[in-house]
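Here we start with a single chain on its own, the form predicted on its own, put down as structure tokens.
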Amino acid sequence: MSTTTQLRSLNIDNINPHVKTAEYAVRGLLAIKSEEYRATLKDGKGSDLPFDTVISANIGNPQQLDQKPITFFRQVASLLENPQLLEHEDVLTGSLGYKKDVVERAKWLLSEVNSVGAYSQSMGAPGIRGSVAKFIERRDGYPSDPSLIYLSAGASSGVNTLLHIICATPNTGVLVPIPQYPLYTASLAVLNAKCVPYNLDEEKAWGTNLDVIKASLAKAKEEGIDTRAIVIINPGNPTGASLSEQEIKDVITFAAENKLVVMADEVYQTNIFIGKFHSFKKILRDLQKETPGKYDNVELASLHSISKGMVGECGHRGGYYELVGFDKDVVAQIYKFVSIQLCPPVIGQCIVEMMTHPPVEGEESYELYRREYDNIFEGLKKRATALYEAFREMEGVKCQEPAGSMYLFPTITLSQKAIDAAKADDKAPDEFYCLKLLDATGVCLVPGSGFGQKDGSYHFRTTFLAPGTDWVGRITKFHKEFMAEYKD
């Protein structure tokens, strides 16, 4: 009989098993190791490393990778954080170079929230939700109801709320695209609900394939899973795909026929390099107009965030989601759920307002805002193209042309020798490749196995946020050496 006394209440065997099941590769093993390298270099102890900087291409964190904040947003935020500055408008608009519209916006936002250190309404400040509604109306050409707009601590908080409402039992299923941003599978794991995967079509620029989605739903039904919703990420993460109008129509029609909630993750809607962004809200309203009655009860939740695009304010934790077609009693429960969390960060709410209501032509801040916004966009596009061109020249690598978001997700063909070496190291082959790359170059990527992929296929995801393009050369050099080392 053991005499060992348990020293703590919690141990790895008695905590919530669903948390242990969840996986989040974007901040997993590779990210942890890259931060260890970064700390070593910062402490001046990395003289034996084959690189002198770490490139965090694993996560969509723009300002960590030197994307500059938009001046208008930060100037307004500075006045919100320290309203006493407004007592010295002459100094602000004189030697400090603040424009009058910056001061006016700060005053208006303070009139709406009183203080960024105070709680707001649980669903967000009414005036800010009104600005978001006007933005959606301008974007789509259809009315938006501020009472059905919920501000959130980034889009991920909105996803968490919606999945909590949807996932009633361990048998509840949600259709999730594969590859996918692991927020969805991790959240479903924590909720002890079922992920119903459907594969995106790599041969068609990672678009949706309705036959594949139908087959996934049918398989789930055979297994007794009660599938309640379908997730769409557009533009795609990790794929960078941008869906066509017809693809969106097909998904909405499928959802209408099968009574599925549509969760449209649209946080990369400004990052479009090829074609045009089509919002699910606009396409749904178009379909309702064209075919009265058929689409009236479609439930759509569309999400947006200040974390991505040209704004890149990840750390301020701001976002929103709009509810369309939901039963009023369900909306009341959503309100109750967010009330338990009190409110989203108020400074983040204010930046959501500025994202959806930026300076317009004729206002003093417009010229600088437009220049900064366009420069960030063109920089992203340039780096995306440089990466794409590099991947096209690499042996065994196939990559879709960058269409949107801030990622590329190339396929990599690995030799049997490399696959065997990975197995011997107890690693997935693409994880093995990415770890070798990190150790040799300091460039941190995420293996495709962290997002889901077809059996026997291997990928990795990289952002194109890091400044410059010289780090791309590190990848190409490593790849050539890796392929030579593990040649069959």
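Note that the structure is a prediction, hence the values are computed from the model and not measured. Counting begins at 1, following the sequence as shown.
Although not depicted, the form predicted together with a further copy of the same chain is the subject of the following passage.
Undergrad: In the predicted complex, does every one of 210, 284 and 411 come within 4.5 Å of a further copy of the same chain, counting any heavy atom?
TA: No, because 210, 284 and 411 lack any heavy atom that approaches a further copy of the same chain to within 4.5 Å in the predicted complex.
Undergrad: Only one of 357-365, 389-397, 338-346, 375-383 has heavy atoms within 4.5 Å of a further copy of the same chain in the predicted complex; I'd like to know which.
TA: Comparing against a further copy of the same chain in the predicted complex, the contact stretch is 338-346.
Undergrad: Report whether the minimum heavy atom distance between residue 60 and a further copy of the same chain in the predicted complex is within 4.5 Å.
TA: Residue-level check for residue 60: yes, a contact with a further copy of the same chain.
Undergrad: Are any of the heavy atoms in residue 313 no more than 4.5 Å from a heavy atom of a further copy of the same chain in the predicted complex?
TA: Yes.
Undergrad: Since only the chain is shown here, I'm wondering whether residue 90 would be in contact with a further copy of the same chain in the predicted complex (any heavy atom pair within 4.5 Å).
TA: Yes, contact at 4.5 Å.
Undergrad: When the contact criterion is heavy atoms within 4.5 Å, does residue 259 count as touching a further copy of the same chain in the predicted complex?
TA: Flag for residue 259 set to yes.
Undergrad: Using heavy atoms only and a 4.5 Å cut-off, determine which of 131, 216, 75, 279 is in contact with a further copy of the same chain in the predicted complex.
TA: The option sitting close enough to the partner is 75.
Undergrad: Name the residue from 228, 99, 194, 105 that puts a heavy atom within 4.5 Å of a further copy of the same chain in the predicted complex.
TA: Flagged contact: 228.
Undergrad: Using a 4.5 Å cut-off on heavy atoms, which residues of 265-297 contact a further copy of the same chain in the predicted complex?
TA: Result: 297 alone.
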